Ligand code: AMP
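For reference, the chain that follows is the form predicted on its own, supplied as structure tokens.
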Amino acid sequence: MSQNRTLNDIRALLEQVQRVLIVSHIMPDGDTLGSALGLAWALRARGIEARLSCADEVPADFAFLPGLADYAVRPLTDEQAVLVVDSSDLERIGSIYGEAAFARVPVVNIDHHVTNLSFGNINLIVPKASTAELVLDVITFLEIPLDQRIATCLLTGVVTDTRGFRTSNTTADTLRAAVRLVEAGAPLSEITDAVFSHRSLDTLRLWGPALSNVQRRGRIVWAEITQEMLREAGVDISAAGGLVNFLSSFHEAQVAIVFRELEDGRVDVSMRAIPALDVSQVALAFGGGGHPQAAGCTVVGTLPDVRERIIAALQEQWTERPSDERAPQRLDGTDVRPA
């Protein structure tokens, strides 16, 4: 289906509803939050009541986003449609999803991940650098004027997912979208500073132990976040956000992974790769998704078990030679005994 036809379907649906639920994915980042908030402000300008929902607590790092306090762990109630943003599958919205509830209303799926499973009744899936760019397309198609609030939210999504316009999927269209948002009042320097230059002391207390035990196996570099580490640092799981991008800046890291132990017996896996490598298919095989160079999944199992399964799957995909499948090492070259 062409993008214009899909946009027409979205417009036709929105003309028939008064209340919608906009859902962000679990462990929310700047793109899912900025996209959802930008869309909410735009729909409110059209007279639609837009409610915001996320199964996880939204990170305090994004407190500068207008309307962030509107988020709640909010299930579908009397809303007439659900708009899911930046989620490749329904599992990514966690406890907000209810099969019976979602079957009652139309579901609009707006996402930029190439591994998206097209779970919506209407699916706007285009492999752009950020979902925020797609939301901008929707707002433009609906002829809703941009204001500073909308522009700030959407530019945050673009800046976050492109890592400050540095990812390989950043295109001229991405830059043109950013220019439109800046012209509408989005403060680029303030957004960039807030997203990349500020970490709390509690976050650093978590990152310190994780980085001091960074391990390497062949081309893969990884760090691990356990529940014990979270308790000792006095933070929740969102404090690990951004660590995988930092890890990917290491010279040795052709692939960077952060394994985060969750409370429910699962492990969250975030992966980043250099342009020559693709991590999205491994993420998809484990029930997740993403982009070739940025993907993730949530896997049932202990942290050591999930780590070994993910690394083995990556090495099998790349047909690693046996010489590459050596014991894990710290970046200083010393061996680390597998757990």
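Remember, predicted model here, so these are calculated numbers, not experimental data. Just count from 1 along the sequence shown to find any residue number.
A second form of this protein, the form predicted together with this ligand, is not displayed here; the remarks below concern that form.
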query: Gly296, heavy atom within 4.5 angstroms of this ligand in the model of the complex; finding: yes
query: Residue contact check: Ser88 to this ligand in the model of the complex, 4.5 Å heavy atom; finding: yes
query: Any non-hydrogen atom of Gly290 within 4.5 angstroms of this ligand in the model of the complex; finding: yes
query: His113 within 4.5 Å of this ligand in the model of the complex, heavy atoms; finding: yes
query: Among 267-275, 58-66, 302-310, 35-43, the region lying within 4.5 Å of this ligand in the model of the complex by heavy atom distance; finding: 267-275
